[in-house]
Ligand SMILES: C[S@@+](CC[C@H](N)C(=O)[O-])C[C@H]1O[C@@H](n2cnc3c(N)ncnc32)[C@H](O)[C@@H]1O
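A lone chain, given as C-alpha cells: the form predicted on its own.
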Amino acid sequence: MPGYPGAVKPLVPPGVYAPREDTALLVGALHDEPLPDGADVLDVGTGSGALAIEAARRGTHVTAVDVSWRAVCTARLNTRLAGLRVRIRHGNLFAPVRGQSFDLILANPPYVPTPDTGRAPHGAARSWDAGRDGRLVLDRICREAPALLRPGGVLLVVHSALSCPGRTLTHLRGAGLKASVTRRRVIPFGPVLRSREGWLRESGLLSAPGQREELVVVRAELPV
C-alpha cells in the first residue's frame, strides 16, 4: 500500500480505503503536534483506522468515526491487532460525537471532484467521490468541526488542491480559527484521477499539463 506510514500495514478488505500518500501526509502533520498524554483526539472518516492507530500510539484518547460499517469493523480489528484502545463509532461525520470536544481532530475526507451521475457513491467510492467541486464533505467539516474544538484545539484536514484549499482556509478563518496550509506534496495521478482527467480538464478544474496532483494539509487552531 503506497505511502502507508506505520510499521505494520493494516488489513484493508475490499470497499475500505487503503492508506495512501494523503494518509502519510496527515500522519506527518499529526507528529508535528505537541500533544500531551491523555489528549482527546477525533479521527473522522477513519477507514482502516490507520490515523487512529498513529494517534493512539502517542498516548492519546482516540475516538474514530466512519459512515461505513465495513470500515468500522476493519478499524476495530486493526486497532486490536495493534494492541491499542480506540473508541470506534458508526455514523455520519460528527453525529456520533455531538456534545463532545477534542484537542485534535483529524480528517481525510472524500475530496475528488466527481461527475454528476445521479447516483450516490457506493463501496470504496464513498471514500473519494465528493461532488462536482470535491467539497461535498469538506464544506461540512469546515462548518461543523470548529464547534467540537476546545480552546487551543487543532483541526488537521488533508485534501487535493483540485478541491480548492483557499475555500477551506476562508471558511475556517471565518469561523474564528487561525488556519494555514502546513504541508504540501505533489504526487502522480492515481487510477481515479487518471480515469477522470478528460472530464476535469473539460470542467476547468485541471489546467496544468501532465498527470500530477498536489495534496495539502490545512491546520486550523481555535485560539485560547
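All residue numbers refer to positions in the sequence shown, first residue = 1. Quantities reported herein were computed from a predicted structural model and do not represent experimental measurements.
Keep in mind that the form predicted in complex with the named molecule is missing from the display, and what follows is about it.
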- request: Although the named molecule is absent from this view, report whether Arg135 comes within 4.5 Å of it in the model of the complex, heavy atoms only.
  value: no
message: Pro110 versus the named molecule, in the model of the complex: is there a non-hydrogen atom within 4.5 Å?
response: yes
message: Please determine whether Pro146 contacts the named molecule in the model of the complex, using a 4.5 Å cut-off between heavy atoms.
response: no
message: Even though the partner isn't displayed, in the model of the complex is Gly131 close enough to the named molecule, meaning a heavy atom within 4.5 Å?
response: no
Contact at Pro19, Leu51 and Arg126 by the named molecule in the model of the complex, all three, heavy atom at most 4.5 Å: yes
Position in contact with the named molecule when the complex is considered in the model of the complex, options Ala175, Leu35, Val181, Val67, heavy atoms within 4.5 Å: Val67
query: Looking at 162-170, 194-202, 39-47, 53-61, which one sits within 4.5 Å of the named molecule in the model of the complex if you count heavy atoms only?
result: 39-47
query: Though the partner is not shown here, which residues of 71-110 have a heavy atom within 4.5 Å of the named molecule in the model of the complex?
result: Ala71, Gly91, Asn92, Leu93, Asn108, Pro109, Pro110
